[in-house]
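Taking the form predicted alone, here's one chain by itself in structure tokens.
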Amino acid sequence: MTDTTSPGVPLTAPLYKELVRQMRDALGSGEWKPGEAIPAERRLADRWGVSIGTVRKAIDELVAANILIRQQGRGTFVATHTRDRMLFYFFHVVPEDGAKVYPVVRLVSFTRGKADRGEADHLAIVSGDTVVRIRNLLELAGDPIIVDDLVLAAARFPGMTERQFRDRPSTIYNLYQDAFGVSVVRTKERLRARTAEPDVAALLGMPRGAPILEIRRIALGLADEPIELRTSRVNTQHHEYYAEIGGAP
């Protein structure tokens, strides 16, 4: 890589975009692990034959994407999926008259099966491939509020067991990262109004057919690959979806 052109990158694309791709590759290969500091800017500039300014622009973009974190006076570190990070970036259900609180998560079921066409399309796998299906019940302030159904490509999480998932020491995304080297860096969500199916209504303590909010989320990794398909059914009688766009924690 030089400060003029780079193979495989359109001539109109800024060079730092190619450096972002190279740094994502290094992160994805595990060269820089979660919680570790990345090399100093000068070392990165020397490694890829670019200017310090190009390195800083690339790091700026990775920080904005919540992949790296700058710590004043210490350096730049690979982001880890802590409880606080999960709550700020990935959890959007709050009491209608209160602030975010961390949910209590209870595992309802953990099974394996074959991906249907919709699951396969969302996870970029082949219909019929083995998937892990997980159902969680989330409580806020002691009340069951959310039923989460997760679908994972089994090949991406080899050997994952029900016990490993249930007894994880931190968040689900932290488990993906620490145990399987899979980092979720962003999500795409779609929301719509639905009515509660009998099994969901029973878990949420609602009448069958009561109105709920359905959130379908695709979690994406460092290369924008799909990591997880999650469908959340939310009792919005006293809770609502809340998200802040832009800014920093």
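These numbers were taken from a predicted model, which means no experiment stands behind them. One rule holds for the numbers: they count along the sequence shown, beginning at 1.
Here the subject shifts to the form predicted in complex with the DNA, a form of this protein not shown in this document.
- When contacts are defined as a non-hydrogen atom within 4.5 Å, all of 14, 50 and 76 contact the DNA in the predicted bound form.
- Remark: of stretches 201-209, 188-196, 214-222, 33-41, the one touching the DNA in the predicted bound form is 33-41 (heavy atom within 4.5 Å).
- Remark: residue 54 counts among the residues lining the DNA in the predicted bound form, judged by a heavy atom distance of 4.5 Å or less.
- Not displayed here, the DNA is kept clear of residue 109 by more than 4.5 Å at the level of heavy atoms in the predicted bound form.
- The closest non-hydrogen atom of residue 72 lies within 4.5 Å of the DNA in the predicted bound form.
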